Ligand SMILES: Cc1cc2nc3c(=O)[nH]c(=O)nc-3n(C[C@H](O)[C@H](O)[C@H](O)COP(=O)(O)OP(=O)(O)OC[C@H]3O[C@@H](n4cnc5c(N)ncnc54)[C@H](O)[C@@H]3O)c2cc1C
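What follows is one chain in structure tokens, specifically the form predicted on its own.
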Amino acid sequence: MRWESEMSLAEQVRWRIGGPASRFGRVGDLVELRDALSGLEGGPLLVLGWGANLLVADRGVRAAVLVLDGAFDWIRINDSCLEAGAGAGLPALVGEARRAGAEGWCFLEAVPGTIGGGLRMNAGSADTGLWDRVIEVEAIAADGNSHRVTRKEVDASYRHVDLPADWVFTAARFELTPGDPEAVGAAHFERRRRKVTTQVYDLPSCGSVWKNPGPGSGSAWELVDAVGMRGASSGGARVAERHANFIANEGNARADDVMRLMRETRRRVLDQFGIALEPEIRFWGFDQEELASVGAAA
């Protein structure tokens, strides 16, 4: 592989927002991945999937960014499990499960991203995450050492997995529970129909911006709507009319526009309801003060 300098990350993420990466590269197999990790000599590394849940700062990131490609993009299915490389897409994985008539996978219907990104974010719904279907995951740490962990060895929760940040997921095995193919297909169709009709797919966005608060506090979108932020705009970014927990890029939006909308939303919800919203999205390239202003951890 070769590193590219000052690669625009806006072209690589779903929001189409963000500055450049100081170094950007694609690795096609385990040998290239180990070589890339060795060449970093302990320097900062970020791994990018589809950027489906990511806001990149306008100034970009001063870290090496890697994309898993080539031999990492594969899916196999057998009688007992689904197997996939970390570079494969979640939609492809869900499609294989649906065609096999496997139960319990419709929670990921119409969710974008890669297997690796889904594992890092524990992608899914508030009730079910990708780690709930994991049998075993393979990863390589920054020092080049390989690791295998099972679901029972990992503390996974909503949008969180308790594993070292420098682990690069490379492959995984998932549960495959046979079901009634017709019922499975109907459940997937209904899940997709509901998401497509209620969420934003016609403009670049990053899905739900805020986590739902605790029980009894209502949904995040209801709070955003209640404080009058539905339809609010800043520059090229707008809180979506269709779903108030989405912020859409209506054209040439900047990260600063999104952050401004998030700060104002969080301030209003805190003032009116005493609830401190927490972001569901990830952030690259922001300092601690900027992250704290939207309730994100450094």
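Quantities reported herein were computed from a predicted structural model and do not represent experimental measurements. Numbers for residues come from their place in the sequence shown, where the first is 1.
There is another form of this protein, the form predicted together with this ligand, and it is not shown here; the text below is about that form.
Checking 99, 195, 151, 160 against this ligand in the model of the complex, a heavy atom within 4.5 Å turns up for just one residue: 195. Note on the interface: of 173-181, 106-114, 218-226, 73-81, the segment with non-hydrogen atoms within 4.5 angstroms of this ligand in the model of the complex is 106-114. At a distance threshold of 4.5 angstroms between non-hydrogen atoms, residue 27 is out of contact with this ligand in the model of the complex. This ligand in the model of the complex comes within 4.5 Å of a heavy atom belonging to residue 169. Taking non-hydrogen atoms only, residue 53 approaches this ligand to within 4.5 angstroms in the model of the complex.
Looking at residue 68, you'd find a heavy atom of it within 4.5 angstroms of this ligand in the model of the complex. Contacts with this ligand in the model of the complex, taken as any heavy atom within 4.5 Å, map within 184-218 to 195, 199, 200, 201, 205, 206, 207.
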